[in-house]
Every structure is written in structure tokens, then in C-alpha cells.
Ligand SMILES: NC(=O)c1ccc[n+]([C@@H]2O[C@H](COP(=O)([O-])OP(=O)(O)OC[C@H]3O[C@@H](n4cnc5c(N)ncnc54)[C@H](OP(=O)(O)O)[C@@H]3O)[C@@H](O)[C@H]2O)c1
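Here's a solo chain for you in C-alpha cells, the form predicted on its own.
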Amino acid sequence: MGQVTNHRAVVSEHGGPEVLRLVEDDLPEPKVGEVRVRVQAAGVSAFDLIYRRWPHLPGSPKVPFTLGEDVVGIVDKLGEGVTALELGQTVAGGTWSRGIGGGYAEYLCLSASELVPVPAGIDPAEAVCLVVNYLTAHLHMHRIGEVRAGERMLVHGAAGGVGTALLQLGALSDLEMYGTASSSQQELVTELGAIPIDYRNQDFRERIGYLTGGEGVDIVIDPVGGAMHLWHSY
């Protein structure tokens, strides 16, 4: 007899990792156009950490809730009308259609249109690292920034998940790249094809001005935020 229950990790109250609790509920059933995925790996993003810690963040769900923005897993059941995916197929996707999170579970149902096949032989834990980071990077570079070959790009937090994805995609787009990072991450930024800027010991505005002969850059991707930081980036 197959499994009839599902286990999820939920945030029982806001705080550190100790607030996560394991709960058991019914096995979810896919709706029309959905598939049920047996999760093999779920990503841990900065948004997961933020939503777990701070209750007053705009859009933060009420506890208890399940985190996890990206998953890799096996198609366990097909909903009505699904023809593009097959039972037993390994797939990857984000959980955005569900709202915030949902990936920290044994099983969850997702729209088949938002899942992509994972090639055979790829470690699920490695594949899941690509989903949110690279989709976020691609969205900001190509749909919002509309970058073109030869342009200059400054990436803040260049050694992080999205930052490294931006530098790798930027290299494929033939961009001239600069990245702010701590001193311990300068070598990584260099290896990924960007000129590193130590944000703790250098004023990135002055450094960019010097490195570009006062011309500045064409696009800045700034996940750090804050009114002053965004203004300086602008």
C-alpha cells in the first residue's frame, strides 16, 4: 500500500532554525493541470531565512507556514490534462504559484507548466541550486535590464547565490562586470570574470568612477536595498 500521509517542515513561530517543526497531514492531490512531486531536494534561499525570522516583513505569511521556493523531485501523480510530463520523471521548478514557499515537504502539487525536466545523472541537490538563483538573475538581466553585449554591469552581493549566477550569465552575454563582495570573496568574483570591489573598505561609487574613467555602468543589480544604498547605486 502506498504512502497516504505527507510530512512538512513548518515555521511554528518566527525565529531561528529551532522554530521549524515537522507536521503530518493528508497526501496532496493534484488539480487539473498539476502534478504531485515527491521532493528529493529543496532550496534554502535568503527569502526563506528572512520570512522565518521577521514577522513584520511585507507579505510575510501567518504562522504556521512551510518555506521552500524551489524543488527538484520525481513526478508521483499526474493531474487531469497533463500530457507533457510522465510518471517517474525528475523535474525542477519554483513554488511561486502556491504563494510563499511549500518546498520543505515530502510531497507537493505544482502546475505542470512551471516544471522542467532534469537531465539524468544530475544530483538533485546540485540541480535545485539553479532554479531560483538563475531564474532571478536571468529575469533581472534580460527582461528588466535588457543588457546588450559590451555593456557594463555592477552586481552587489556578487559572491552570493544570485550574484554568482549574474556573473556567470553576464560572462555569457559578454558584459564588462564589477562585483561588490567582502575581502574573503574577492578571488571568487575574479574567477567569475568580474572586477571585485571590497564594499567594506572601498566606496563603490568612487571605485566604479575610477575603473570606468568616470563613465559609470549601464546596469546595477542591487539586492542589498535600503534607500541610501539604492540611491548610491543609481
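Since we're looking at a predicted model, the values are computed, not measured. Just count from 1 along the sequence shown to find any residue number.
Although not depicted, the form predicted in complex with this ligand is the subject of the following passage.
4.5 Å heavy atom contact, Thr66 to this ligand in the model of the complex: No, Thr66 stays farther than 4.5 Å from this ligand in the model of the complex.
Does this ligand come within 4.5 Å of any heavy atom of Ile50 in the model of the complex? Heavy-atom contact with this ligand at 4.5 Å: present for Ile50.
Quick one: does Gly226 come within 4.5 Å of this ligand in the model of the complex, counting heavy atoms only? No, Gly226 sits far enough from this ligand in the model of the complex that none of its heavy atoms falls within 4.5 Å.
Partner contact for Arg200 in the model of the complex: this ligand, 4.5 angstroms, heavy atom: Residue-level check for Arg200: yes, a contact with this ligand.
Site test, Leu27, Leu78 and Arg98 vs this ligand in the model of the complex, non-hydrogen atom cutoff 4.5 Å: No: none of Leu27, Leu78 and Arg98 comes within 4.5 Å of this ligand in the model of the complex.
Only one of these stretches, 151-159, 112-120, 83-91, 98-106, has heavy atoms within 4.5 Å of this ligand in the model of the complex; which one is it? Contact criterion met by 151-159 only.
Heavy atom contacts to this ligand in the model of the complex at 4.5 Å, residues of 160-187 in sequence order: Contacting residues: Gly160, Gly161, Val162, Gly163, Thr180, Ala181, Ser182, Gln185.
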